[in-house]
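Let's start with one chain on its own, the form predicted on its own, as structure tokens.
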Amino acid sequence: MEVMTPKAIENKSFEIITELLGDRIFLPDQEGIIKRVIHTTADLEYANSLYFSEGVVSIIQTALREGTLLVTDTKMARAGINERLLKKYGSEMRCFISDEDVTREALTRRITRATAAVEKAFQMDKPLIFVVGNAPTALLQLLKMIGEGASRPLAVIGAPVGFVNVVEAKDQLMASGIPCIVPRGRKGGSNVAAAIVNAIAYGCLDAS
């Protein structure tokens, strides 16, 4: 068995993905994202299920270059995102899910911590990009608050995974008019959400 460097393994993986996708043609700004999600999950179905609202990739790239705040719903999503690259452009990440005030608010009001974390995120006086890889309640809460007059985020990566309220939350997000990237259906996860962010950030680097 050939000993390969991590970079060589990644390059070979992308070659295999390209071969498996055959003659499929993707929009140039979406192709790298789709292939990176497939690389992360080994699931070719993402070639069909990833939804991109019009212009969303450009919107997120511009936001990253200008310095924005990405709020993740899980520590796992945050850990999977290339923070060094984001800092290169002046962007930063936060995850409020384990903050003491969020935990206290969730227990007091008997709501999920994801819901309370979204409420805290909206208190930040900064342009926001939400990165949701686990909790559909986070998506539902941010849509509820926007409907009640909260400032719209610059974009949302909505990739919760599971069986309860997942499809419904994604459908509402895609119908909301908010710039978003969404894996349709029940699939998703923190790894998928992080892969989407990383692919877009790498695109910023390639374009610089």
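Keep in mind the model is a prediction, meaning the values are calculated, not measured. Each residue number is its position in the shown sequence, starting from 1.
FYI, the form predicted together with a further copy of the same chain isn't displayed, but the following is about it.
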Item to check | Proximity to a further copy of the same chain in the model of the complex, single hit among 57, 154, 50, 161 (heavy atom within 4.5 Å) | outcome: 161
Checklist outcome for this item: In contact with a further copy of the same chain in the model of the complex (heavy atoms, 4.5 Å), from 62 to 70, 175 to 183, 136 to 144, 23 to 31, is stretch 136 to 144
Next on the checklist: Under a 4.5 Å heavy atom criterion, is residue 88 part of the interface with a further copy of the same chain in the model of the complex?
Outcome noted: no
Checklist entry - Closest heavy atom of residue 124 to a further copy of the same chain in the model of the complex, within 4.5 Å or not? => result no
Item to check | Heavy atom of residue 75 within 4.5 Å of a further copy of the same chain in the model of the complex | outcome: yes
Next on the checklist: Residue by residue through 26 to 61, which ones have a non-hydrogen atom no more than 4.5 angstroms from a further copy of the same chain in the model of the complex?
Outcome noted: 38, 39, 40, 41, 42, 43
